[in-house]
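Read the single chain below, which is given as structure tokens and is the form predicted alone.
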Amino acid sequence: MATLTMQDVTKQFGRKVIAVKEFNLEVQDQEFLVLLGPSGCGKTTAMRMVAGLEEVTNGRILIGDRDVTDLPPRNRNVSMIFQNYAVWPHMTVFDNIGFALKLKKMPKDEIEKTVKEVAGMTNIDMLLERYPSQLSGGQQQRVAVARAIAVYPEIFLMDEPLSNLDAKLRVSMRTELKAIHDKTEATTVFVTHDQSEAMSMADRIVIMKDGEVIQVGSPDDVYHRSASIFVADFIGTPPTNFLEVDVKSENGDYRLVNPHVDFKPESHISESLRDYDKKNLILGIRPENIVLTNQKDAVLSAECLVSEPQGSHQVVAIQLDQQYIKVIASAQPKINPGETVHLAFKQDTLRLFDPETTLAIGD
């Protein structure tokens, strides 16, 4: 396999539409990297430029030490798996997998050996004589994966390959795709707008917005150390809660205050505030880091608006003015609407953001 490097890559459509802007990225050998972002953020366009399906307006793309920016797709040694499987309906599974090998004029015995090998990797070795119409969606996706593996490309590209599957099958296919990646020791770039897919599969995640890279990091990095309000809001279900608070200082001590909360932050937060010269900020806290407590220790008390049972836990929603705050609590005791809840924050998990730049404070 190989590394993938994108240097200042830009894609512009017409005079005004910039789909990808000055994109810089290095994907390591054997890494599973996920491009994540909302629809229209440029992640698929970035992948299509790597595949050679879109021309690069500016910048360079390298696979290993080869500059492939201007090469046609067939000369890049890249395999791409599409959202809609793209398996040929008139061919058996065996012929679908072996088609590219026939084009390369590989001997028949080598084709048979390779097809059976990759069919075994993807658990479809018992389906080789069937046609796509005789397969489930998950089985067709495995055929597409096997076909991509068969040519032993330097780079695997996967464009939302699980989006056409039902919810249960998507979860199981995540595990299978990551296991196949580990078996093949592939360098893989996976595009999705589904954060749970990204979090469960990626070695690193590239979060995109409006054609630009917002943050690159491990799943833990982007979840626990979100670089901006956008990332903190986009990653996590339910998403991060945000509170506007004023910074009060007296004799070197700080308090974070708004009409609903008034508390003294722990020392590591106070240290961040010493270099912060503004009087207000955005406090971000994830629902699982708000805990039920007694009235004495509470930072915030309010009536439960709605409780959403989730089996292993419940999601408790309260309303502060026009804003909803969500809390992930244990399933028992059951909290009912109208019941007063007393809440405290796990302070080591609090995230502070500048309301003007929307960037994290204190990193």
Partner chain sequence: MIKKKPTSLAKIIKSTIFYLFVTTLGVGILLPAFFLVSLSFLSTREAYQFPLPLLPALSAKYSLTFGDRGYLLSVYDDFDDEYQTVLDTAELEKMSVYMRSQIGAPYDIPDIEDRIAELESGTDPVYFKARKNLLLNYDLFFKVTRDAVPALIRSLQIAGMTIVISLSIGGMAGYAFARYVFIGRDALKFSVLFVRMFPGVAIALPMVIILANMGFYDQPIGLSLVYSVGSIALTVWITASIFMGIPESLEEAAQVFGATKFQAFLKITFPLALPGLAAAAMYAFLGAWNETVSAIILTQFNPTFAVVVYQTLLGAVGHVNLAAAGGLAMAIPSVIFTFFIRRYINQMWGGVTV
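Please read these numbers as outputs of a predicted model, since none were measured by experiment. Residue numbers count along the first chain shown, from 1. Take the two forms, find the largest set of C-alpha atoms that superpose within 1.5 Å, and that set is the rigid core.
Although not depicted, the form predicted together with the partner chain is the subject of the following passage.
Of the candidate stretches 186 to 194, 269 to 277, 67 to 75, 241 to 249, only 67 to 75 has residues whose heavy atoms lie within 4.5 Å of the partner chain in the predicted bound form. Contact check for His181: every heavy atom lies farther than 4.5 Å from the partner chain in the predicted bound form. Looking at Lys168, you'd find every heavy atom of it more than 4.5 angstroms from the partner chain in the predicted bound form. Interface membership of Ala202, defined by any non-hydrogen atom within 4.5 Å of the partner chain in the predicted bound form, is ruled out. Using a 4.5 angstroms threshold between heavy atoms, Pro107 stays clear of the partner chain in the predicted bound form. With the partner removed from view, the residue among Asn84, Thr175, Thr237, Ser136 that has a non-hydrogen atom within 4.5 Å of the partner chain in the predicted bound form turns out to be Asn84. Contact with the partner chain in the predicted bound form, judged by any heavy atom within 4.5 Å, is made by just one of Leu320, Leu62, Leu53, Cys304: Leu53. Interface residues of 79 to 93, taken as those with a heavy atom within 4.5 Å of the partner chain in the predicted bound form (partner not displayed): Ser79, Met80, Phe82, Asn84, Ala86, Val87, Trp88, Pro89, His90, Met91, in sequence order. Core-superposed comparison between the shown form and the other one: the Cα of Ser79 travels less than 2 Å. Once the rigid core is overlaid between the shown form and the other one, Tyr131 counts among the residues whose Cα shifts by 2 Å or more.
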